[in-house]
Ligand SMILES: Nc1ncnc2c1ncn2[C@@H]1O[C@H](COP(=O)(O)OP(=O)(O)OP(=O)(O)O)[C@@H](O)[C@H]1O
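What follows is one chain in C-alpha cells, specifically the form predicted alone.
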C-alpha cells in the first residue's frame, strides 16, 4: 500500500485578513523613532524635485527672452537664464546625493531594528510554534523577505517620492505656462489612473505568491542540507532535486506572472505618454502658428512631458519593488503578530529559599556545587492535548518529593516526552497546574524557571564555537576552572585534553568534530555547570555506547544527589540510579514503585526488565 504524497501546495501559508493594515502599523512603528530624519529628508526631497522641475522654465525664458535680446545685442537675459539653469542643475545633483546617502543610512537602521525584533520575537515563541513552523520558513523571513524590504527602502523609496513630487510640480507648472496645453496633457491621466488601480490589485496578489514560493524553496533547501546524511545514505538526491525543481518552477511561474503584470503596466503607461506627447506637439505647433503661445513655452511643455512620463518608468520599477516589499512585510508582520501560547507572568512569584539559605546564584565563576536539597514537583489534575488532537495526558496527578530521582518508562507514545515538556514549561497544561515547591510554573519568571529546571534532550545540539564555549552555555559567567570541573564530572576532560587545541577546539558545524556520545557528554557538562534544582533527562543516554553510558551514570549518581530529577530512558540500565520508577501507558501511570519492587513483581516493568536481561545473554 503506497502512502499518499503531500503536494507542496497543500501547505498553505495563511495570513490574517487584516495583515495589510498590520504591516503598515509595523512600518510606522519602525519609522517613528526616525521622525526627525524623515522630516529633514522630506524637505530635501521637495527642494530636489523643485530644482529639477524648474530647469525647463529657464530654457523657455532663454528661448523667448534671452535669444531675442541677444540678437539685439543684450546678452544679459540669456546669460542669466543659462546661469540659473546650471545652478539649479548642480544644486539638485548635490541634494540628490545627500538625500540618497541619508535615506540609505536611515533604511539600514530601520532594517537593523526589524531584524532584531523578528529574531527576538521568534526566540520568545513557544516550542509549539517552532514544531509547527519549519526553520526554513523563518530563514526566509530573515533573508529574502528582509532583502525585499531593504531594496525598496534603500533604493526605491527616495526615487518614488522624488518622481511623485516631480510629477506634481510639473503639473502645476504646466497650468501656469499654458492652460489649454495643460488640459490636453492631463487628459492622459484618466486612463492612467484606471490602469494603475487595476495593476495595484493584481500585482499584490502576484507578489504574495512569489514570497510564499521562495519560502518553500528555502524550506526544502534547508531541510535537505540539514538531513544530508540521510539523503546520501538512502540515495534520495534525485527525489530531493525533483521536489526542488517543482518548487523552483512555481517560484519561476509566480515571478513570471508578476513581471507580466509589470510589463503590461509599463507598456500601457508608455503608450499613453507617447500619444499625449504627440498630441501636445500637434496642438502646440498649431497654437504657435496661430500666435496663441510662444515657441519657448512649447519647448518647455515638451521637455516637461518627457520629464513627466519619464518618472513613470521609474515608478513602474518602484511599483514592482513596492509590491514585492509589501508582500514580504506582510509575511514578517504575520510572524510578529503571533503571540506565544506560553507567556511570562505579569507579576511573577519567587521560589522559596532552600533550608540552607538558598540555592547558589545562576551566574558564578565557581565549579558546580550541589544545592542543599532539590525542589518538590507536583502535577495536579493535569490534562493536555496538542492543538485540536486527542488528549495525550487525559488526567495526570503526580507528586515528586524534593531530591527524588524518578525514571519514566513506557512504550513510544505513552506520554513520557509530553510530560517532561510540561514540567520544563515548553507547553502549558490544557487543564490543571504544575507546581515547583508549591509555586505554579505559570507564576515563575522565565529566568528563574530556566535556572531551576534544566533539560537535556536526545539531540545534544552544539553551537558553532569551541568546546569550552558550548559547555559554558550552562553558565556564561563560569571561569575556565569551572568549565574543566564540569567536563571532568562527566568524564569528558581526558578526551578534550587529547585534542590539539584542548578546550579551545572548534566543534565545527553542529558539533560535527565530536561523536554523538561526546556531544551528549558536552550537554551533560552544561547541566552540571548550570547547577539547577531539577534535572530532566529525555532519553539523554540514547546515543552513548555501553562504556560511555556507565561513565555518565557514575557522574549522574554524584551530580543528581540531593536534586530532583526525571529521567526518560528506553535503556533499563539507566533506571538503576533512580529512587522510583513510573511505568506509563496511554498517558497514565500504570505502575509506581522502586526499581527492586517492580522487578520482583509480575507487572509491565518486570517483563521489560526480563526482556532486557535476556537480550544481554
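No experiment lies behind these values; they were computed from the predicted model shown. Residue numbers count along the first chain shown, from 1.
A second form of this protein, the form predicted in complex with the ligand, is not displayed here; the remarks below concern that form.
Novice: Which among 74-82, 408-416, 321-329, 467-475 is in contact with the ligand in the model of the complex, heavy atoms within 4.5 angstroms?
Specialist: Result for this chain: 408-416.
Novice: Even though the partner isn't displayed, in the model of the complex is residue 131 close enough to the ligand, meaning a heavy atom within 4.5 Å?
Specialist: Contact with the ligand, yes.
Novice: Can you tell me if residue 194 lies within 4.5 angstroms of the ligand in the model of the complex, counting non-hydrogen atoms only?
Specialist: No, no contact at 4.5 Å.
Novice: Even though the partner isn't displayed, in the model of the complex is residue 503 close enough to the ligand, meaning a heavy atom within 4.5 Å?
Specialist: Taking the distances in the model of the complex, the answer for residue 503 is no, it never comes within 4.5 Å of the ligand.
Novice: Look up in the model of the complex whether residue 386 has a non-hydrogen atom within 4.5 angstroms of the ligand, and give yes or no.
Specialist: Residue 386 belongs to the contact set for the ligand.
Novice: Which of 444, 149, 482, 392 has a heavy atom within 4.5 Å of the ligand in the model of the complex?
Specialist: Exactly one residue meets the criterion: 392.
Novice: If the cut-off is 4.5 angstroms on heavy atoms, which of these, 221, 268, 251, 427, is the one near the ligand in the model of the complex?
Specialist: None of the other options qualify; the answer is 427.
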